[in-house]
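Okay, so here's just one chain, in structure tokens, the form predicted alone.
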């Protein structure tokens, strides 16, 4: 079998993976030459952020707990001002995709170094991608300036992640990998990583549902999310991410839940055009890739319907219009009618069918 020409570029983040690795945040700040870190979190994780600041001692100059979904520019501006007031030379992002996104947005504007400590399975911490919202619209940029210097994966930090959040966060990561299988600039490395990430999360998520504090399952899920994140940071995004960015940025649907619901439908849509590229995923989940992913999501109690997120049915028309106005490159041609039909099934929670 001949190998088609390809290009592959790895990200620059250093990864420290293992139980108890959060204890090494200070060591990594020292190695980066950073002496004044601002700790970032959401309001819900403020206690954890303050505790981390306490453990870092003089290395921490303050805590900013205003991170929120979709990285609003107005929040970033407040955080940048606070970093300047504190004289910060770095940020430590403790939390999920919202906190990671804020750290990236700060780094883009200031050049501050980043140490990221994920507590969910977002995967965005190892990418050069930043999505941010302003004026009701979400825009996405790719820039090496937002790639964190160090990512610390400590499975112990995810033991208390609620099962529902674990499921949606894991499916969000799986969406990164699934889209990588048919990305226009895919390559043998990213395809292998995508399947490894999908396989790890397919094993880990049901185990977490059955036993939420199983350290082995939590470690495997975090490992899978890392694989999926590498894929996201190495290839171009397509229909799935375009739709999720539209729904989240313009209709404020929750990030992970939106990805979880849309995943089977976007995969099914593209599976009609490139079944060979999605055949490994179909074999992994059984039957078709889209249908198999929907069955898997249902089996672990994931949300299935956009309507359950508060999205009104009449919003589907404008969502389809926005998503097709400036589409990402995709293996199957996109038109407003077909995307409107896809959104309808996702809104109803129906299983994708040919």
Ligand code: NAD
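Residue numbers count along the first chain shown, from 1. As the structure is a computational prediction, the values presented were derived from the model and not from experiment.
In what follows, reference is made to the form predicted together with the named molecule, a form of this protein that is not presented.
Screening 167, 237, 129, 278 for any heavy atom within 4.5 Å of the named molecule in the model of the complex leaves a single hit, 129. The partner is absent here; in the model of the complex, the one residue of 187, 98, 76, 253 having a heavy atom within 4.5 Å of the named molecule is 98. Using a 4.5 angstroms threshold between heavy atoms, residue 304 stays clear of the named molecule in the model of the complex. The closest non-hydrogen atom of residue 162 lies within 4.5 Å of the named molecule in the model of the complex. The named molecule is not shown here, but in the model of the complex it comes within 4.5 Å of a heavy atom of residue 138. Within this chain, residue 324 is remote from the site of the named molecule in the model of the complex, having no heavy atom within 4.5 Å.
When contacts are defined as a non-hydrogen atom within 4.5 Å, all of 44, 70 and 124 contact the named molecule in the model of the complex.
Figure note: of the listed segments 254-262, 107-115, 189-197, 78-86, the one touching the named molecule in the model of the complex, with heavy atoms no more than 4.5 Å away, is 254-262.
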